[in-house]
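The chain below stands alone, shown as structure tokens; this is the form predicted alone.
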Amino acid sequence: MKEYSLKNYSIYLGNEVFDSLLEHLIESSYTQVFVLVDEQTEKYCLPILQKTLFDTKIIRIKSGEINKSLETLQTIWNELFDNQADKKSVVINLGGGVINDIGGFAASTFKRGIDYVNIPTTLLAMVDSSIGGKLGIDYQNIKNAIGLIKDPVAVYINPIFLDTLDARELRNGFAEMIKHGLIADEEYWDKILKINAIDASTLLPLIAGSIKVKVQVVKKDPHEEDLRKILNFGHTIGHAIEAYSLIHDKKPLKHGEAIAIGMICESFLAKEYQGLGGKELRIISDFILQHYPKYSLKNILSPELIKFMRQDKKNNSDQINFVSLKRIGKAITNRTFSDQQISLALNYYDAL
């Protein structure tokens, strides 16, 4: 079992992490243990966890980004109140990014805050969203518009859950692994480039590399005052496309699929205005398109996407804030681009 230490908590990776979780629950003498699940994790993941844990109370919510809402948050609070949860209760978030975000938010605001634990069950949550204490809900179609930063008491990552994921869900998380290499670790990026098939056995050895990047960044800047902003590479444009798709598409893009598009567009901006080489842009674009289906932007007006970008929480005043690449493995923060430049980036992706 590997352990990664941050200031206030640790991340545990390995097949035996649930034994450590049980020890923590016993030592903490919690009055009640709640496990937050959706219909997917209740079916495929909860039975695995219940081989180790007992005497837990289950809180059920619906899966999907569309349910990362105020209404779902109230559902969780109501369950805690109805079961007479107190300050010595704990919430275990068993799921992906939505579960981690909204479950942590609910716990951190219930009676001014109770403990929560993350057990990520998706690749995206394992390598990214379960680490760092970013919590929140979507509001008025804006991703993570309401939230806070509050650390879990621990994160337990068991690779066994990779076997419960389909190909699309693995791609969803793989986008964040690509991002980690591009922004912070050229050697890790070189390992990512060797991936031909996205499957659990291929990705498993690379998970530790992504966790390492995320931990190093969060440890230096836990409250996203400067360096941690590099983790938003691809997310300014990607979040806008994700929000658009959530409203307009019958089968909306997953987070990682939208971020993959965002990384191509924002790599184009880096090549045009920040010094990234043309060869590097081609390698990034070709590799992402090798693994992610093309999404047509032809019928989407640039002003509509830019309107979403203007609502992004990273912005200052009326300027749309970007993370850019100086080179592969070196990201720079607080870059701004005009509406015309953003439109060129969208056109670049659409023409590929």
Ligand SMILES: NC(=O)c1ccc[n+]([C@@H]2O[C@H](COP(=O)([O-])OP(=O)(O)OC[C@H]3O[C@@H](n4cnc5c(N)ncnc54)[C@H](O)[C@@H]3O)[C@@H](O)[C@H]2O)c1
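Quantities reported herein were computed from a predicted structural model and do not represent experimental measurements. Quick note: we count residues from 1 along the sequence shown, nothing fancier.
Keep in mind that the form predicted together with the ligand is missing from the display, and what follows is about it.
Quick one: of Phe174, Trp189, Phe161, Phe105, which gets a non-hydrogen atom within 4.5 angstroms of the ligand in the predicted complex? Contact residue from the list: Phe161.
Candidate from Ile183, Ala243, Ile99, Val117 lying within 4.5 Å of the ligand in the predicted complex - any heavy atom: Of Ile183, Ala243, Ile99, Val117, the residue with a heavy atom within 4.5 Å of the ligand in the predicted complex is Ile99.
Only one of 36 to 44, 49 to 57, 286 to 294, 318 to 326 gets a heavy atom within 4.5 Å of the ligand in the predicted complex; which is it? Among the listed stretches, the partner-contacting one is 36 to 44.
Does the ligand come within 4.5 Å of a heavy atom in each of Ser28, Asn93 and Thr109 in the predicted complex? Zero of three within 4.5 Å in the predicted complex.
Using a 4.5 angstroms cut-off on non-hydrogen atoms, would Gln32 count as touching the ligand in the predicted complex? No, Gln32 is distant from the partner.
Is Leu269 one of the residues lying within 4.5 Å of the ligand in the predicted complex, judged by heavy atom distances? Contact with the ligand, no.
Give a yes or no for Thr72: in the predicted complex, does one of its heavy atoms lie within 4.5 Å of a heavy atom belonging to the ligand? Flag for Thr72 set to no.
Spell out, yes or no, whether the shortest heavy atom distance between Ser129 and the ligand in the predicted complex is within 4.5 Å. Yes, Ser129 sits close enough to the ligand in the predicted complex that at least one of its heavy atoms falls within 4.5 Å.
Can you tell me which bits of 65 to 86 touch the ligand in the predicted complex, meaning any heavy atom within 4.5 Å? If the 4.5 Å heavy-atom criterion is applied to the ligand in the predicted complex, 65 to 86 yields Glu65, Lys68.
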